[in-house]
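Just the one chain here, the form predicted on its own, laid out as structure tokens.
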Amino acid sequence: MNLIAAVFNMKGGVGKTTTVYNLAAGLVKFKQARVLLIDIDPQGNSAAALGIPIWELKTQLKDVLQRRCSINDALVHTESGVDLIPSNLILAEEEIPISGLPGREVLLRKAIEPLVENYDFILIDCPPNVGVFSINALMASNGVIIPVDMSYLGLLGIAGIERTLNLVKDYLDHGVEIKGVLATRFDRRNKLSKEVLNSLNKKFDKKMLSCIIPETVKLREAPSHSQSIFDYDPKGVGAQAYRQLVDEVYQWL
């Protein structure tokens, strides 16, 4: 049994990309897992963080979704050991044509079918909205990881996430489950961080991941060096937190 997980939140700046690419790299580095990362966020930040020159792509996810090439044609092997289906801003330019295709909600699910058995984990970096790309990610997944930053607006956005998951279940007949809620950008000096974390623990209980991702500049710097936090700052608090996340997520297999 493998895990196909969308890393999803409609709010930007919560650490989706930081989480997905560090989790992918950590699962390979520490667990020798077979990991595929799908970057369905048109910003292409996951691919860029893994050292891929996203503006030089000859094939990418948009070509797969439009059936112009197979999923294998767009597959990139990165130095971290993570396999990747990359994107860039051209994916956003193609959103309207892709939205008009038959079976638009399951384009990604059908595209990855030939690869599913090759991986222990397939992680999908979602855009910060509820559009055709996020819906495709959710429809392709059997679990959702929700990063939530420690802010009032982060907490407020939970209702919207739950509504989206219910719509996917009710209207598209796909009951994707929340596998874990991850507290991100936690500042122990900040009273609000502690209050938001307490509220999340009360609401999600056992769905809350025990690791807490701290607010640290090293996590923001690492992508500019095309490195995971485990290589860029291996002894830092960010690396320690994401190593704990790797251990927790690996137990889901």
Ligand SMILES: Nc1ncnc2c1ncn2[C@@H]1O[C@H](COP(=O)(O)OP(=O)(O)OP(=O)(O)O)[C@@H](O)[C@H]1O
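For every residue, the number given is its place in the sequence shown, counted from 1. This structure is a prediction, so every number in the text was calculated from the model and none was measured.
What follows is about the form predicted in complex with the ligand, which we do not show.
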**Request:** Could you tell me which of 47-55, 197-205, 213-221, 62-70 sits within 4.5 Å of the ligand in the predicted bound form, going by non-hydrogen atoms?
**Result:** 213-221
**Message:** Please tell me whether any heavy atom belonging to Ala25 falls inside 4.5 Å of a heavy atom of the ligand, as the geometry stands in the predicted bound form.
**Reply:** no
**Message:** Can you tell me if Gln43 lies within 4.5 angstroms of the ligand in the predicted bound form, counting non-hydrogen atoms only?
**Reply:** yes
**Request:** Answer for Val14 alone: is it within 4.5 Å of the ligand in the predicted bound form, judged on heavy atom distances?
**Result:** yes
**Message:** Under a 4.5 Å heavy atom criterion, is Gly131 part of the interface with the ligand in the predicted bound form?
**Reply:** no
